[in-house]
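This document opens with one chain alone, in structure tokens, the form predicted alone.
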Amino acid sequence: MTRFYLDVHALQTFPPSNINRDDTGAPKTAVYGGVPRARVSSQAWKKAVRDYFREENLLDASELGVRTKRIVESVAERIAALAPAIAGVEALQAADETLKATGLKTEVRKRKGDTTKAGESEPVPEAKYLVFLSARQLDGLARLAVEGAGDIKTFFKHKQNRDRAREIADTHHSVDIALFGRMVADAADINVDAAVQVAHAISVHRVENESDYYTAVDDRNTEEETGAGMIGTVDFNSATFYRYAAVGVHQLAENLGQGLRDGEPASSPVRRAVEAFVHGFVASLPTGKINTFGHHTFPDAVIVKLRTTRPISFVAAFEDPIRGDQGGHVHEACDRLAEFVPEIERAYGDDGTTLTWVLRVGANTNRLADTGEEAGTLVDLVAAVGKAVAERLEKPA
């Protein structure tokens, strides 16, 4: 398949907030262009996108996966649902052996003293690391376990049954696995190359973290008790972020294979996945300290490009940090993009095959109006991008 990519760029401003903390509890930062910037890690935003898929019902549950160490329990629950006679320890053992047949390694975590107290259940085996499996893969492994449950160890001594387990674990990937990939250290042959690359979001201007000293009063204090019941500090900052992600649509199509639903065109699952990702990436929100700061914002501007050249980030437009001397950063950030995008597209892009859409809010973004086809709403943007991807899959440029 011809390679083609979807680039998603967004400018988004946050009020005082602590979206993504480092090991000291302070907002993450990075140095770019020689000055400190606010930063939100790609891991934080990818988790937010995956959560958004589920919370907003952008995709059916059957098209999503689960990433957990408690994978034995996940399969055992499905075994018990399929065959109620197989439950409890037997279901867990069948699930454990089936997962081991795929090449995954599991272990029983040791307790303090390594003893089981009276009335306490035996610990359940877990994977040593987070394992990402789709709903259909979990269901398939459960069915295989039920088939061999009579003597599960002997069942998997046969190579054809081990091969079946590995095939189940390596087909019918969910949309989130196809997008974000899967790495299994013990069974590299069932790894999935990610179709999506997400940049760490960084502020377009210099940022210094601040600290909020707070006190909390005990509601049952008497009038004589005037002291605080608790004191502490919370670090925060406020920033306008440049956010960027690239989707290898050809890789996504390869990961999804023939699709998640029988009888549908091969382009359909790819279109659903692309639409869900664009919607989720634009609208999702990392929720670090959200009860403290309520940072519910949307991007001021979004640019999406479907291109046949390699992905192009526009972060270099902000290598020289915006000063914000006149107050605010969005206006100048949009001006920077309006000047930088045509220049880098002239030098490295391909106007003949690249499609561009823009979604923007407010007068500060006016200079981006001519950057591409304007979408009135996020829903319009998502639909236009999905339609173009499906057409290009069916009739490559």
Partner chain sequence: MSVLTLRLAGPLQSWGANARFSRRTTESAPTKSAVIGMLAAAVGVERGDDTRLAPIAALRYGVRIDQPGIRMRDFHTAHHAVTGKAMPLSERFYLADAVFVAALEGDYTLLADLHSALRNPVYPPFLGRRSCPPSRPVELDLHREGTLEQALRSTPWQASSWHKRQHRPGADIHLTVLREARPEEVDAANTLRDQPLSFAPEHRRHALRSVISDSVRFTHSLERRAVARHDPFDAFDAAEEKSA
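Residue numbers count along the first chain shown, from 1. The structure presented is a predicted model; accordingly, all values stated were derived computationally and were not measured.
Although not depicted, the form predicted together with the partner chain is the subject of the following passage.
Here the chain stands by itself, but in the predicted bound form one stretch of 266 to 274, 228 to 236, 194 to 202, 292 to 300, 194 to 202, has heavy atoms within 4.5 Å of the partner chain.
Contact with the partner chain in the predicted bound form, defined as a heavy atom within 4.5 Å, holds for exactly one of Arg162, Arg206, Lys105, Arg136, namely Arg206. Only one of Asn366, Thr29, Ser62, Thr356 comes within 4.5 Å of the partner chain in the predicted bound form through a heavy atom, and that residue is Thr29. Among residues of the shown chain, Ala316 is one whose heavy atoms approach the partner chain to within 4.5 Å in the predicted bound form.
Among residues of the shown chain, Pro342 is not one whose heavy atoms approach the partner chain to within 4.5 Å in the predicted bound form. When contacts are judged by a 4.5 Å heavy atom cut-off, Tyr244 counts as touching the partner chain in the predicted bound form. Put simply, Asp212 is far from the partner chain in the predicted bound form: not one heavy atom of it is within 4.5 Å. Taken together, Gly34, Glu254 and Arg310 are fully in contact with the partner chain in the predicted bound form: each brings a heavy atom within 4.5 Å. Using a 4.5 Å cut-off on any heavy atom, the one residue of 129 to 153 that reaches the partner chain in the predicted bound form is Leu130.
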